[in-house]
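Next comes just one chain, in structure tokens: the form predicted alone.
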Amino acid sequence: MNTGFSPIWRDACQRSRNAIPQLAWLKELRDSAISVLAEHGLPDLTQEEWRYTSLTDYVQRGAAYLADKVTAADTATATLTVEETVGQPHLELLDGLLQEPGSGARVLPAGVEALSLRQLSPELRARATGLLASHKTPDDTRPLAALNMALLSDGLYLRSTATADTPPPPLHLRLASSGTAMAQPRLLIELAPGSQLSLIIEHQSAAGALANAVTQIRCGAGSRLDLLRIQDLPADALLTETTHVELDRDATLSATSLDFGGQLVRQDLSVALNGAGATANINGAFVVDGHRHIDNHTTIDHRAPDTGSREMFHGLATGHGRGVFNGRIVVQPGAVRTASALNSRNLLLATTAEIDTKPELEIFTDDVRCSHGATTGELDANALFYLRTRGLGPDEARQALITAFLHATLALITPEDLGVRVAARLQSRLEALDGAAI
């Protein structure tokens, strides 16, 4: 398979390889990434994990950007209007480049360090290289991670040493795309043993944006990461996103993912529970309307005894929208006393909409408690009738049931002002759906 790795792509990767002197320490990793792309190309419909999601438009738009020789390095001064996060520590990557604050020094929570990959000291370069090299992505997403490595022009190294005694306030990280480049955001995140971090990652872009984001996270023993990801991109934006999290002994991950926008969005989230006592709680929700296509693939890999995970995804589809959810739980040999549960719940508001869901369990040991399930249906006619008898109009009754369906995920959003903003955006979307959803 060599989908998408034409001479245009090869030339762009070779140009990026030596274009930025401050990233010369990535040379070997870049060479390896180019080799992966040359061998595998980009994913296509012949692969089981990509059978519902075509990257044809993605490849064509990327080739158009690269043919014009427009790279993130050329757009360091590009501007994009974004919503300010008042009173909250925040960082921004624009087309993959870490932006300096408009005035004054960058204010970060105590115990949190953030640096551009171009700014790393030799010691931190060694740490970052170790994190990059240890990232074992699934075979179906490996080419996308390789593409990011081959074309990136910067990235963010983020480390937390804040403890439970002084928990840091949420850090808001915006991954913004100007629409004039093929953005390759790269995030390297480390939590020291016993530390905490609350992180909000929000994707924003101008019209016509194309981005391929990769995030690698390592949580030390006894650490805790609260991660909220929000994607509400313009209707013509294309996004692929690969996130890998490693949890050491007694580490905890609480992750919530929300997808409301974009033309084509594919998120691959993998979590490895490497140490005894590690736990992961994953929640997600997506709304697809129009001709929107959103695909979420998750893998939770239990590699040690006494680990636990719970995962719940809610999907809503109307119009000609298509949603995909594939959740996979793997319990490795020796991972005894694992407790895991996976559920996918989906709501179809139109006969032309589609949701493809597939929960999977792979268990290679005894003495475990694991379950999985999936449901897909329409709004309950009896519940609609009940609300109508209580004085609600048809649109109000539908919105009440839809909001209740998504409430379990939306209730997890913190801080409160962000939850209010996301709920208002979703409410606006639901109101716009009323005419098309019946």
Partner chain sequence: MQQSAPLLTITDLRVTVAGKEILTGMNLVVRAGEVHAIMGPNGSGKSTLAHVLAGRDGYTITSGSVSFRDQDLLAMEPEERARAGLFLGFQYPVEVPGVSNVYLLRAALNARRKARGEAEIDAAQFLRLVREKAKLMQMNESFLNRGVNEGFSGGEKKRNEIFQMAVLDPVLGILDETDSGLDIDALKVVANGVNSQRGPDRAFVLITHYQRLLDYIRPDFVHVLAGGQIIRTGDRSLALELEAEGYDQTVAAAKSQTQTAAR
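Note that the structure is predicted; figures quoted are calculated from it, not measured. Numbering follows the first chain given and starts at 1.
A second form of this protein, the form predicted in complex with the partner chain, is not displayed here; the remarks below concern that form.
Not displayed here, the partner chain is kept clear of residue 51 by more than 4.5 Å at the level of heavy atoms in the model of the complex. The partner chain in the model of the complex comes within 4.5 Å of a heavy atom belonging to residue 394. Mapping the unseen interface onto this chain, residue 410 falls outside it, with no heavy atom inside 4.5 Å of the partner chain in the model of the complex. Interface membership of residue 389, defined by any non-hydrogen atom within 4.5 Å of the partner chain in the model of the complex, is confirmed. The stretch from 375-383, 43-51, 28-36, 60-68 that comes within 4.5 Å of the partner chain in the model of the complex, counting heavy atoms only, is 375-383. Along 396-416, residues 396, 400, 401, 404 each place a heavy atom within 4.5 Å of the partner chain in the model of the complex.
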